[in-house]
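One protein chain, two forms: both are listed below as structure tokens, the first as structure 1 and the second as structure 2.
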Structure 1
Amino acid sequence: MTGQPPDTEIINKVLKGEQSAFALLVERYQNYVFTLVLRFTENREDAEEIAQDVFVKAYRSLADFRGDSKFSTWLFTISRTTCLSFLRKKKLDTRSLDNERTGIQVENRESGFNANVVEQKSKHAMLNQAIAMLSPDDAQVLNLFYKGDQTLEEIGKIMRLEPNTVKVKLHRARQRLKEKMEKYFAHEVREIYAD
């Protein structure tokens, strides 16, 4: 973000009435928010709708952002709560709230992936497929840690968990990801290990 104004500066401008400055924050974080939301819905249209809602909520309650955490942490907290309430409202798949059901659904999705495994060429496409096989909570921890650049403490704030619990969750998520990759993308995984 060299040469770009820091989040706090943009926030101050917005709070002073310069609404257009908020576009900078949207552009900066839209991909991260969208990725997070996509792990809950797996439907791009719904994900865009929710992500849009997240930014509207963030804008409206911007005065409540006290700056005692990173703006991204605050935004990801709004993302998570918005996703959960959206799922509840629409009575869609609430897998993240029900781990037992998650297991069954992941297994179902896995069987559907078998036919496509051969077609997965790119390592990144493979990684995305493998992450999609994980439960939303596992996927979310990985996304926040790797893509969202959040620390264990920050993820803890977002998910309302203790940092040590996040550490364990992160470890398990990576373990499950590794298992999925080794099971369904053995060829690509061998290449990764050889690199």
Structure 2
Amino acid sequence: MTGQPPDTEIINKVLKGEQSAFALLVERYQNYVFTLVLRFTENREDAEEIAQDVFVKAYRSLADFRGDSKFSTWLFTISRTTCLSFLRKKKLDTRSLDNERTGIQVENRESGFNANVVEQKSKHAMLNQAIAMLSPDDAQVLNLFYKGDQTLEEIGKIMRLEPNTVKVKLHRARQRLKEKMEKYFAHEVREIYAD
């Protein structure tokens, strides 16, 4: 992000009345929020609607952001509560991670169809399937740490746990994920690492 202002600088501009600066935050975090939201619902249209709601709520509550954690952590909390409220209203099942359709939005924005991209998508889909087999707590801590790029302290704030407890939970979740991978995807894992 060289040359781009930090989140706190943009937030200060918005709070001082420069509302158009909020578009920079939306642009910066729209894929992040959409990916999070899509994990809770398998309907793309619902995910788009919820993602918009998340940014509206974030804009309205921006003055409440204290900067104790990363902006992305704060945005994650808004995303999660917005999803849960939406799903309660619709009386749908909450899902932590589901099938391949909901897989990771690939960070690399190349549009080519080369073998490496296809292989990466396959690995992500397999990993998502294994994570979906875990308990919601295990899936959440793994997603926050690896996909959300959150620190143990930030995860602790989100999950209302001490950082040491998060560290233990993360270790155990990794072990359970490894067991699922070995049990259900042993052949695929061997193929990937045979190269």
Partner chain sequence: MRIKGEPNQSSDHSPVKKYIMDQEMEQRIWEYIDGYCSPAEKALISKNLAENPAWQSKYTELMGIHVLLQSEEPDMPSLRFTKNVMEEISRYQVAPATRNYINKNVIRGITAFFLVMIIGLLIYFVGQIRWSGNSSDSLLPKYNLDAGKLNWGKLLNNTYLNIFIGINVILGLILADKFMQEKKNTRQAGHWSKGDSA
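Definition used throughout: the rigid core is the maximal C-alpha set that superposes within 1.5 Å between two forms. Along the sequence of structure 1, residues get numbers from 1 upward. What you see is a predicted model; the values in this text were computed from it and never measured.
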Displayed copy of the chain that is the form predicted on its own: 2
Core-aligned CA displacement of Asn12 at least 2 Å between structure 1 and structure 2: no
Core fit, then Met181 C-alpha moves 2 Å or more between structure 1 and structure 2: yes
Val141 CA shift between structure 1 and structure 2 in angstrom, with the core used for superposition: 4.2
Distance moved by the Gly156 C-alpha between structure 1 and structure 2 (core-aligned, Å): 3.2
